[in-house]
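Quick heads-up: it's one chain on its own, the form predicted alone, in structure tokens.
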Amino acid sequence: MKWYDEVEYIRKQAMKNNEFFANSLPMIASENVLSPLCREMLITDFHGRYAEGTPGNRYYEGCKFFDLVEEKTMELAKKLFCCNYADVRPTSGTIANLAVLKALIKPGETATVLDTANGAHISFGKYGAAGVRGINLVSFPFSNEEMNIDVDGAVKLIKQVKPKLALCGQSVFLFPTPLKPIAEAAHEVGAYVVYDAAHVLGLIAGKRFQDPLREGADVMNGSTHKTLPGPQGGMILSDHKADNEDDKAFIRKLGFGVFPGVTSSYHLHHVAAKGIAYAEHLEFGEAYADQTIKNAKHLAEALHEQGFKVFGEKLGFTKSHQVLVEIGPGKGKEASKILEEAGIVTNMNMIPGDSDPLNPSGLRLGTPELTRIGMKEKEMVDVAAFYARALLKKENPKKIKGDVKEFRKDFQELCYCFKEGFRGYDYHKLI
């Protein structure tokens, strides 16, 4: 029993974390809550097993049940995204991005991409996966007014530099990417189009955002734990059909990029949980995506009315799950700390014009988790009022935290997931 105190310490911190989030407003745009059925998969025996390779072609024995799970999960993924190819092995969205870069571009070759200050994810930057791969990155022009890629400038750039890849998709993602003209230009110069859907994967699956694979993307990568509320992990999708030699070679490259490219075994329990999440999203995804976007739009409007500067005003603030707010030069970190003290969890974020990612001027807010626990448009007005109290009126954060806790009492059940019929458990309670 020598180390019992240390074990108990870790357990207590986990319980305190559960309690903290159950009494707060979790609004980090890249986070969500697992359904109980997904959580059940994470504590199965799959969690400690290995399955290098593909179903029926393993380097380890003992995979016969997992092979069936992976095959079913791929089947559900293809149905959810209406596509011909799905790889559910990547252990994160960044690993999915790295696998595709490994498959489709060589060190020293050129890719076009947004700057991180304009909303791109760090994995497509020089300090992330693209930098690890040694890619020559050329930045797309950006429209601050549209909060999006400058499409005319992007088309001109692609024709000028003739990249191997045109990398699209963002981490700050308010509006759909103008993908069709970008893809047309990329394909004209022989480039592949890769769309990072990490943040908006669930909105795409719910048919409420855009449809990249039908708009010209050759590959769509994503995270499985943001607007698609599954376990932490990644996936790779394509609509290329393996019915000719070129497409067969393309699909083989993608698979080889994942294994042995950037994975060995790949968190089998997470794959099983992904399958559950895909099935739940097939059932509830359209309603969930619809409400998530409605909530984000309502929140943005309410924050604007409270006196905050909210980006994207010209186009209705947002068409996704995200809201981007300007706080003041270098004030994003301070604001996020104040909000945490008040029971509101979000993150500092760079806005156009920022150069220091550690001292940015904005906040990125997300509605996936608030939607998941049943909040709708009218609650977004209350949420915006909490922000105003904390950041504009400078009220005591401890007083606000108590009010937030009281506000959360009516939102302690998960929505948009299977709730009954499995062993009789009351699965939908959060704690």
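All residue numbers refer to positions in the sequence shown, first residue = 1. This one's a predicted model, so the numbers in the text were calculated from it and none came from an experiment.
What follows is about the form predicted together with a small molecule, which we do not show.
For the interface check, one of 211-219, 283-291, 165-173, 247-255 should have non-hydrogen atoms within 4.5 Å of the small molecule in the predicted bound form; which one?
After filtering at 4.5 Å, what remains is 165-173.
With the cut-off set at 4.5 Å between non-hydrogen atoms, does residue 233 touch the small molecule in the predicted bound form?
Residue 233: yes, in contact with the small molecule in the predicted bound form.
With the partner left out of view, is residue 30 within 4.5 angstroms of the small molecule in the predicted bound form by any non-hydrogen atom?
Residue-level check for residue 30: yes, a contact with the small molecule.
Even though the partner isn't displayed, in the predicted bound form is residue 229 close enough to the small molecule, meaning a heavy atom within 4.5 Å?
The answer is no: residue 229 has no heavy atom within 4.5 Å of the small molecule.
Report yes if any heavy atom of residue 225 sits within 4.5 Å of a heavy atom of the small molecule in the predicted bound form; otherwise report no.
So residue 225 counts as contacting the small molecule.
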